[in-house]
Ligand SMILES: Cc1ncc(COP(=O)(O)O)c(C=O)c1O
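Just one chain is shown here, as structure tokens, and it is the form predicted on its own.
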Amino acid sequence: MNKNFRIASITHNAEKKISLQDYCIDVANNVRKYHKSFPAYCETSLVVMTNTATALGLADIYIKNEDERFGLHAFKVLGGSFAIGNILARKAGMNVFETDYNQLISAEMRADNKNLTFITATDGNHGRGVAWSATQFGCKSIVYMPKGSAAERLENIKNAGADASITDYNYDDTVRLATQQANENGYILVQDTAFDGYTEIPKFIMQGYCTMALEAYEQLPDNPTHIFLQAGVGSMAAAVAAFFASVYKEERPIITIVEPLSADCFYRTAAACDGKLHCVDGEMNTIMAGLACGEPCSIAWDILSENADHFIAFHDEAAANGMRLLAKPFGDDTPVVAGESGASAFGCVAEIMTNPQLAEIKGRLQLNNQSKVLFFNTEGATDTENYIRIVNGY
């Protein structure tokens, strides 16, 4: 097998142990109703790249463009805003589905919540979403970032209202730091990964991502044959996979999860197939900063183990090439500004379709000129300097 690409596939039994009810279309509609109450809400576009698909040997390419989300250039705010709204609604004795943005920012609610502090760890986009949401609701926020985080992403989080800083730790140890600070100081941890004793808030965050999945489902001109989803801790990938598995049922598209070679915890877990989570320790050097996570979210793996078919770990240059191709697609296809993590799944598929050395993987994925593939551009140029450098080939 090509050293730059690894693939593990799962054969599923007919019996399912994990319920998808929390991510079904009814829940998604309620979550979107909540998000629609925000003044910043606007449905993001689904870009159809037919010319680029033809050039790559596919029937069609659909890209859900989250660069347009809430003015924050990433989808993550959907999860943070829904989780925080849920926490505040419950604190006031309300159901989040029966409240809205205007109620949550009322003078009474602000007075009750002004001393609440939300805390999280992030590579950038999740923390910015949490900070923005906390500020909207009149609360405080603290955001820790792993070593090597981009200065622009730090400043964006500070500008969203958080007390933010870059640590000397990798992502997973930064999560542990945020958890420790929450426990010691009475802060509320809003983290998009689950661990023993901490599953409810990650589930709220994952449900928040259903707005993006529902929009894409309604915008699709045809049912996709394939969905490719990038994974860091796996919360987005699992939520989107659960939603589409719920709506398509027996006609579910082939779902493939992709991640960097240096942070391939889902690939390792799928390849081991021993009922245990397999983590990556130490440095996880990759341009895909949003995916540099070494420990899978447990509830995400539970979903993906039953609803995803393939897990791929791949090299950074494929993601970089994906950024370039999305910026300058074939023919008159609409360009898409995609950051390193946002372009990752697309770049992975683009190389599989054009590199003869990956023919075995292409065949296993059943990718051909009849394939209609859905991607999610989860972030725009949230590190502008690096985006310009990569897209221009510096």
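Don't overthink the numbering: it's just position in the shown sequence, from 1. Predicted model, so just to flag it, every value in this text is computed and none were measured.
One more form of this protein should be noted, the form predicted in complex with the named molecule, which is absent from this view; the next part is about it.
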Check: Among Val77, Asn86 and Val130, does every residue place a heavy atom within 4.5 Å of the named molecule in the model of the complex?
Finding: no
Note to self: Would you classify Gln230 as touching the named molecule in the model of the complex, given a 4.5 Å non-hydrogen atom cut-off?
What the structure shows: yes
Next item on the list: Report whether the minimum heavy atom distance between Ala162 and the named molecule in the model of the complex is within 4.5 Å.
Entry: no
Next item on the list: Look up in the model of the complex whether Ser235 has a non-hydrogen atom within 4.5 angstroms of the named molecule, and give yes or no.
Entry: yes
Notebook entry, point to check: Is Thr120 close enough to touch the named molecule in the model of the complex, meaning at least one heavy atom pair within 4.5 Å?
Noted result: no
Item checked: Sole residue of Gly290, Pro224, Gly322, Pro202 within 4.5 Å of the named molecule in the model of the complex, by heavy atom -> Gly290
Note to self: Quick check for you: of 98-106, 243-251, 68-76, 310-318, which stretch puts a non-hydrogen atom within 4.5 Å of the named molecule in the model of the complex?
What the structure shows: 68-76
